[in-house]
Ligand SMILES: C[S@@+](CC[C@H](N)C(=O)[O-])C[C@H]1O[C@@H](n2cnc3c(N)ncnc32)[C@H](O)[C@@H]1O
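Okay, so here's just one chain, in structure tokens, the form predicted on its own.
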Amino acid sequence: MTALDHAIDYDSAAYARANRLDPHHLRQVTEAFPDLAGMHLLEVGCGRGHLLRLMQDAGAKASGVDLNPQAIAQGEANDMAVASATHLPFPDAHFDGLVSVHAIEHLPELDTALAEMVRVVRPGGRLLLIYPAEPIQGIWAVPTAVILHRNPFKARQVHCHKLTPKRLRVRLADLPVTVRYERFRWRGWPQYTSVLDRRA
């Protein structure tokens, strides 16, 4: 892990407990991966494994990684490990697909992390990225900044990027992926979905 990975220290039991399952995320997973049963998937930023467990219950061979060791210690799913998105401990083309829900906006070294995520997915595989639609960078990260640092003004250090599908496409331009579809969802709270096909 690099120094930038720790620009915000996520080693927090309180932060692990604060994360909850949004049931709409499972619907987005099953839309992106209609043949979920039997698929070999990786969830990056799995937290305590709420969504990971549901994917496993649906028959996926799913693994999860998270930077917060407290989240892994409180894990509610199988096959979870502490790891950074910028250094995924898996071989090239190891997974059929990858899921990352509200993680990429936290990553200082986002371009490195995106390249790693694409690297571990096989050609013909798919990536599902869900990230906040923020009118102002960090606005949805204020509660997290309070939990982690008791300081709401660190919200822009928590959400390092104000992402949109267009901005994400620019970052992905040199990677072997094609955008399958992009969505905006208001229900719950505003967020974007980008689904990418991994090219050879």
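All values derive from a computational prediction rather than experimental measurement. Counting begins at 1, following the sequence as shown.
In what follows, reference is made to the form predicted in complex with the ligand, a form of this protein that is not presented.
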Of A77, L98, L107, L114, the one that lies within 4.5 Å of the ligand in the predicted complex (heavy atoms): L107
Close approach of G45 to the ligand in the predicted complex, 4.5 Å, heavy atom: yes
Heavy atom of N68 within 4.5 Å of the ligand in the predicted complex: yes
Non-hydrogen atom contact V120 with the ligand in the predicted complex at 4.5 angstroms: no
Distance check, R180 to the ligand in the predicted complex, heavy atom within 4.5 Å: no
Partner contacts for 74-89, taking the ligand in the predicted complex and a 4.5 Å heavy atom cut-off: A83, S84, A85
